[in-house]
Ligand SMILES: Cc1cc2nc3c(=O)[nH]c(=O)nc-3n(C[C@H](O)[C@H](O)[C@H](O)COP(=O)(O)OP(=O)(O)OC[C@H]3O[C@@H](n4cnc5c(N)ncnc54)[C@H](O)[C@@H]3O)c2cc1C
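Below you will find one chain, with nothing else, as structure tokens; this is the form predicted alone, and questions on how it binds or moves follow later.
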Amino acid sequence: MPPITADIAIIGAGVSGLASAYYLAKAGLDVVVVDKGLAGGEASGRNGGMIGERTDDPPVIPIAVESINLWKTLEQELGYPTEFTHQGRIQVAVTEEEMNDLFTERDVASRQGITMELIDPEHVQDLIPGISPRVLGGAFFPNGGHANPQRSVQAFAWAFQDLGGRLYQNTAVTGFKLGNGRVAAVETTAGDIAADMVISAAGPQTAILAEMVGVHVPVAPARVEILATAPIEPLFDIALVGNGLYGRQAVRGNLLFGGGPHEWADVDLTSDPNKTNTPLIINIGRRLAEILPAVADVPMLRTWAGIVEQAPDYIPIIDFLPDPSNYLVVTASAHGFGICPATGKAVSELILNGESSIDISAFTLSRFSDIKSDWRQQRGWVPAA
């Protein structure tokens, strides 16, 4: 069988891969995307849908700010719905320690140019009716928002295909053909793909694929989980963070919330380790009832999980490997959904122009030059026996 040929081969049909594919195809390049499962089948379609700036990761702020601007017109850009809502994000405190953390966040936000307003419990109640009277106050970020992950992934996939892009689902990567310091072809279950450039946006499989070309990329897969309640009447339209949770109310009225510690996982190139962990979901449900007692009796409708990848410093990676030189690593370190439009823009500019107009200088692989191969074991980032 003759190989499939393209200008760009992208591994991974999550939001980072599909956003990159869209902007590259829009620029006139011939792009092929392959995924071992369905588009958005892992964390990209199973996350909480949160969008906004975060004070805890300053290097991510430039790409987060650009993404918010792109999200505002993304439905018009793609021609398909994302259910993006730009009403802001509120982070609430239920202990004195958390309230002190909000004062610290206010100082960080001021230094980073992020708009944030500290609000009293009465204002919190106005924004989130039915929230616990234990809430001592909150921080309101007007530039926050949320969107529907599944619809957004589908929007990118359809818009990419409208531009002539080719999407091969249920197509696993099995290896690479290497020569002269470059990837000559990506080997897949659908045949070889010969391309000038390879983009690995493979999420939790990022490290496995990099090892196949002889490079160690330090990322660790972790399972995150979401619960969905039965639909209820509209309560709030902003994103809510608090009591160890993050979430939103969907257009259809369901409350969608996740949180809790990461459950570290192991993956291979074909498995789908997205099964939810009942004890963690029960923990999320308990904390949701605590922070929103008005909905404590609303039935839980369903739960789901997704596997994200985390770099040691929780910062994304967007960088070319030194060898093979035409292999670009794109991994968002659990920021993926919120920053996906700007990720796609940055990747396309990097390939087309050799540099990005968005500051991604902190996303290089060289920052891990001193990390040891057993870094996961040293940090305890390994699955429990």
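Source: prediction; values computed, not measured. Counting begins at 1, following the sequence as shown.
What comes next is about the form predicted together with the named molecule, which is not displayed.
In the predicted bound form, the named molecule lies farther than 4.5 Å from every heavy atom of P58. Although the partner is absent here, F84 sits far enough away that none of its heavy atoms falls within 4.5 Å of the named molecule in the predicted bound form. For R46, a non-hydrogen atom is located within 4.5 Å of the named molecule in the predicted bound form, even though that partner is not displayed. Proximity of A155 to the named molecule in the predicted bound form: non-hydrogen atoms within 4.5 Å are absent; the residue sits far from the partner. Look at 307-315, 285-293, 135-143, 102-110: in the predicted bound form, residues with non-hydrogen atoms within 4.5 angstroms of the named molecule sit in 307-315.
Taking a 4.5 Å heavy atom cutoff to the named molecule in the predicted bound form, the contact residue among V94, V224, V217, L167 is V224.
Only one of I119, A172, V251, A228 comes within 4.5 Å of the named molecule in the predicted bound form through a heavy atom, and that residue is A172. Contacts to the named molecule in the predicted bound form (heavy atom within 4.5 Å) from stretch 8-24: I11, G12, A13, G14, V15, S16, G17.
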